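Quick heads-up: it's one chain on its own, the form predicted on its own, in structure tokens.
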């Protein structure tokens, strides 16, 4: 049984902790990274997470809801941390960052796949860094060595005295693809880890309402002729918009599949069903069965 529970809140973070006889568990929500989406609340098996609405204040834009966690319910298994699209949640055991469910092979991690061919970047270009809505990209420039200059010449790349180094913080990258879309040389390729669909029913949208646009963390929603529209290429299906929509039927959002690392445990299935649907779960289970059959057939070494 736990000996003590603690909870501390500030503008920048929420921290809860639990002290046992031999271990101390901690969970921190970075409020600067959290976008008030619905993912952590959906996956929490203990229903310890709630979203609290924040008043507009003096701004015309509404802020995203604030995450609150019941320190008496949380079991610190880090399911929320594993599935957070924005890397806003961290779990620690004895002050060391841990993902207990992943370490026990009970849960996968999201595949944040960002491929960059920085050799083809334009000199001094920082468009991807400027366009990233989550500040996940940082760029700096380094002087090319003579060997690197020769290599560029052999590859028929433009002559330059320096190279572009693009660093992507994959922990907080939500794979919105804005960097890919605005890159002038198309050197960036981003694959989403959430696939899904989002539809706006214009007839049901309250006139003058732009709550969903206010809270969208990746600029996937925009206003045109006083109507809300969505750029599906950028949408990450996090659900931040649906949280603040006053007319639930006006905005329909669903996740259909999730790209994640391989996992054998069935523990993940319930979470997958919560995030997607029963059909999404069945689709993944069907794909796993096909893979098993292919592996079995290959192991038989049957003549062709």
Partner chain sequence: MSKNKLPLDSPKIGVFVCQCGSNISSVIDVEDLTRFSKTLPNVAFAENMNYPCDRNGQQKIVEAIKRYRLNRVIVAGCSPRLYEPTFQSCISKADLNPWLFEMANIREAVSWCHKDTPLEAADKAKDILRMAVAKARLLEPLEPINLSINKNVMVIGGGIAGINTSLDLANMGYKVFVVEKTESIGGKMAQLDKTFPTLDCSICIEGPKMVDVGRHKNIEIISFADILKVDGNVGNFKVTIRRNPRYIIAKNCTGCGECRDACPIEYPNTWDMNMGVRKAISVPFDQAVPLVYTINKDHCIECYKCVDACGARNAIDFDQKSEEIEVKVGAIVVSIGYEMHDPVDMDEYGYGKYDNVVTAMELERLLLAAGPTGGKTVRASDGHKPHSIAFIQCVGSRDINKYEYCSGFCCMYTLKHAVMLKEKYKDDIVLHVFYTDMRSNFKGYEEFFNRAQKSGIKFIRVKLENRFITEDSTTKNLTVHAETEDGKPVQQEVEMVVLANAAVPTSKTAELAKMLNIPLSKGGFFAECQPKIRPMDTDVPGVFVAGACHGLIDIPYSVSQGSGAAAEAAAVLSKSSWTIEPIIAKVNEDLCSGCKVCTSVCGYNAINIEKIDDKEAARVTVGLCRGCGICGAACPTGAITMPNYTDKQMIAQVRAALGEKN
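All figures in this text were calculated on a predicted structure; none of them were measured in a lab. Rigid core: the largest C-alpha set superposing within 1.5 Å between the two forms. Residue numbers count along the first chain shown, from 1.
There is another form of the same protein, the form predicted in complex with its partner chain; it is not shown, and what comes next is about it.
Which residue, 267, 256, 53, 50, has a heavy atom that falls within 4.5 Å of its partner chain in the predicted bound form?
Flagged contact: 267.
Considering non-hydrogen atoms and a 4.5 Å limit, which listed residue (101, 90, 164, 211) is close to its partner chain in the predicted bound form?
Comparing distances to its partner chain in the predicted bound form, the residue within 4.5 Å is 101.
If contact means any heavy atom within 4.5 Å, which of 235-243, 39-47, 26-34, 61-69 contacts its partner chain in the predicted bound form?
Every other range fails; the passing one is 39-47.
Please tell me whether any heavy atom belonging to residue 17 falls inside 4.5 Å of a heavy atom of its partner chain, as the geometry stands in the predicted bound form.
It does not: once its partner chain is placed as it appears in the predicted bound form, residue 17 has no heavy atom within 4.5 Å of it.
Is residue 121 a contact residue for its partner chain in the predicted bound form, using a 4.5 Å heavy atom cut-off?
Taking the distances in the predicted bound form, the answer for residue 121 is no, it never comes within 4.5 Å of its partner chain.
Taking any heavy atom pair closer than or equal to 4.5 Å as contact, tell me whether residue 79 reaches its partner chain in the predicted bound form.
Taking the distances in the predicted bound form, the answer for residue 79 is yes, it comes within 4.5 Å of its partner chain.
With a cut-off of 4.5 Å between heavy atoms, is residue 106 one of the residues that contacts its partner chain in the predicted bound form?
Contact with its partner chain, yes.
2 Å or more on the CA of residue 267 between this form and the one not shown, with the rigid core superposed, yes or no?
For residue 267, whose C-alpha is compared between this form and the one not shown after core superposition, the shift is 2 Å or more.
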